[in-house]
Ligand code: HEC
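Starting off, we have a lone chain in the form predicted alone, written out as structure tokens.
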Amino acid sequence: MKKIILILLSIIVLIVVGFLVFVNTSYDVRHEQSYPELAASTDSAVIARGKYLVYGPAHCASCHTPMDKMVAVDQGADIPLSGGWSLQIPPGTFRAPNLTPDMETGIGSFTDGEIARAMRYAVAKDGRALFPFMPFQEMSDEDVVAIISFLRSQEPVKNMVPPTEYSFLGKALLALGAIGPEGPKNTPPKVVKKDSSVVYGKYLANIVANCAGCHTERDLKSGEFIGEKFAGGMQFPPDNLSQGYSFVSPNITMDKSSGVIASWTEESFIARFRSGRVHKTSPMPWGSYSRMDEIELKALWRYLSSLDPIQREVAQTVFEPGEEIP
């Protein structure tokens, strides 16, 4: 009997050691991914659109600015995108890089194609997979060009940001292919007409502002969507930014019994976005969204109003330090 137990233990040890070796030798893979044929423009209108997206609905400035400038960004300041934001979650410590055109520490040495590839396919300049924080795979060519054009137009800021550090869980997800390049599921449009229509609202909610990314329940380890779209339930456990608070995203469908905005009007929806942050450590980038213009907020409201109501009760959205999410 002892011999059988020893054999079984030996097999388990070999499996564990083998998996450890596999993860640590396989996670740092480089991906060959083609570059989108998109090029920056010097047209002032294109650059202005890019700035609006970066500081507004695409909320790039909510992450690609120094930690000590986050409040200023939230209050409407146009802080240079010199990076430095850091988030500690189970897969690792993620740091947003410097997006100013500094040659040594920023994107000054990047080609337009390399920047577009990061946005469209989540592949970094060096070929490594990027964690899926940016849902821009199907952003229109016009808007991708606008963002790249604005990034190119900034003054370079020298700020060396340490690279992201993956935990063993993060390395395992990379090694097993759970995190990897993710391209568009559909052909990205050349242009999406900006207006107050449901069509444009859909584009904002799913591609640019990424409402779906937070208002849909996800597996906290893999990031996989496991809930119904826009029905809430995404958990945000305490992290280095939340001062001990935890959050759960609310249901934003029009279900009358559980949808948080179901009793709102278009006017009250717009007013809520204009009023900005209520809880100072909420993961919702209220500062960026408060900059959205009325046309886009109307489009967003009309799209959300068009969705089928989903009954999903989210009884509590803010949890005090030490209070567990049920």
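Everything numeric here is computed off the predicted structure, so don't read it as measured data. Residue numbers here begin at 1 and follow the sequence given.
Unshown form predicted together with the named molecule; subsequent notes refer to it.
Among the residues Val73, Ala146, Leu99, Leu173, the one placing a heavy atom within 4.5 Å of the named molecule in the predicted complex is Leu99.
Proximity to the named molecule in the predicted complex holds for none of Ser44, Val192 and Ser305, with the criterion being a heavy atom within 4.5 Å. In the predicted complex, Phe168 stays away from the named molecule, with no heavy atom inside 4.5 Å. In the predicted complex, at least one heavy atom of Lys125 sits within 4.5 Å of the named molecule. At the 4.5 Å threshold, heavy atoms of Tyr245 stay clear of the named molecule in the predicted complex, well away from it.
By the criterion of a heavy atom within 4.5 Å, Ser249 is counted among the residues contacting the named molecule in the predicted complex. Using a 4.5 Å cut-off on any heavy atom, the residues of 267-294 that reach the named molecule in the predicted complex are, in sequence order, Phe269, Arg272, Phe273, His279, Ser282, Pro283, Met284, Pro285, Trp286, Tyr289, Met292.
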